[in-house]
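Listed next as structure tokens is one chain, alone, in the form predicted alone.
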Amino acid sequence: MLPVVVVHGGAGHIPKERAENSTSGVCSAVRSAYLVLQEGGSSMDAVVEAVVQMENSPYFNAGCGSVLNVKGEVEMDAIVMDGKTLGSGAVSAVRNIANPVQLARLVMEKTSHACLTAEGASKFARSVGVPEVSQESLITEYSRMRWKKNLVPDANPVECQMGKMGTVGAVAVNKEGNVACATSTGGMLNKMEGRVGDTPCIGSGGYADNQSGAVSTTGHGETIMKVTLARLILFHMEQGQSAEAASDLGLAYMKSRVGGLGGVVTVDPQGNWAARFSSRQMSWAAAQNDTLHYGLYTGEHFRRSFSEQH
């Protein structure tokens, strides 16, 4: 069964013209991450590799595809967590970093803290030699167009949000049964300056524990935080539920209790995995036993062997 990696490219409503890029993006990210595991890399190496690839794609709401806040600026959040030690690192409201997930990992490895924010995170990045990039390099024409549309006084904020809730994330188990998670996002479209969502919060945007499994979440941040979705799913797994059943229970509770929609990728230490969502779509992909699994709509599950890949 091992190793396994599962990634998501965000839950919500993905416009047709972007759906194909979103699907090929998660497939490509999962392939690279799986290679890391096959070569004996750690589950942390694998999830960071997957998320970096998606941060580098303009088709996801993370890194260079991030949505803009009300001032038309990028503010990004990211988290990593290691199931072996429960070590975690996160950054929030960072502006000039190409790959926030790598900075989150450095927070975990090089500081005694779990989360650094805004200017403090930038200072830390400089101190460990992470290069700064311009805001412009992180802003796509698409994000600017969406931002402008949402500034119109009668814009429907819910409808506008659904266009691109593409938080990205990954979970993995390596050959030794160690689990890890990573999640990265540009947040909510036209959010208030300084708004931080679920992504960098331990137990909400992600959680990893070798005793139960790992989860990375996506969807409406404020509601995910209210139910600490990632930790809630692992609680159900600790009670004996499968990765799939636990994911469904967590998402159903979030929908019934606080009206929130979202999605998750989940894995247990034995290599059982799930990609589940209550939103209309979630691009996801998984790699296991040299097979690529992927989908976008509810109930969709395509399979391909890696030998068929070009």
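Predicted, not measured: the structure shown is a model, and the values here were computed from it. Numbering starts at 1 and follows the sequence shown.
Keep in mind that the form predicted in complex with a further copy of the same chain is not shown, yet the notes after this line are about it.
Comment: a further copy of the same chain is not present in this chain, but in the predicted bound form one of I202, A98, I139, V130 has a heavy atom within 4.5 Å of it, namely I202.
Shown alone here, S112 lies within 4.5 Å of a further copy of the same chain in the predicted bound form, counting heavy atoms only. Remark: A118 counts among the residues lining a further copy of the same chain in the predicted bound form, judged by a heavy atom distance of 4.5 Å or less. Taking the partner from elsewhere, R146 is found to have every heavy atom lying beyond 4.5 Å of a further copy of the same chain in the predicted bound form.
Though the partner is left out of this view, K123 does reach within 4.5 Å of a further copy of the same chain in the predicted bound form, counting heavy atoms only. Taking the partner from elsewhere, no residue among Y34, Q38 and L261 has a non-hydrogen atom within 4.5 angstroms of a further copy of the same chain in the predicted bound form. Stretch-level contact check against a further copy of the same chain in the predicted bound form with heavy atoms at 4.5 Å: of 56-64, 253-261, 42-50, 273-281, the positive one is 253-261. For the stretch 180-196, the set of residues having any non-hydrogen atom within 4.5 angstroms of a further copy of the same chain in the predicted bound form comprises M188, K191, M192, E193, G194, R195, V196, in sequence order.
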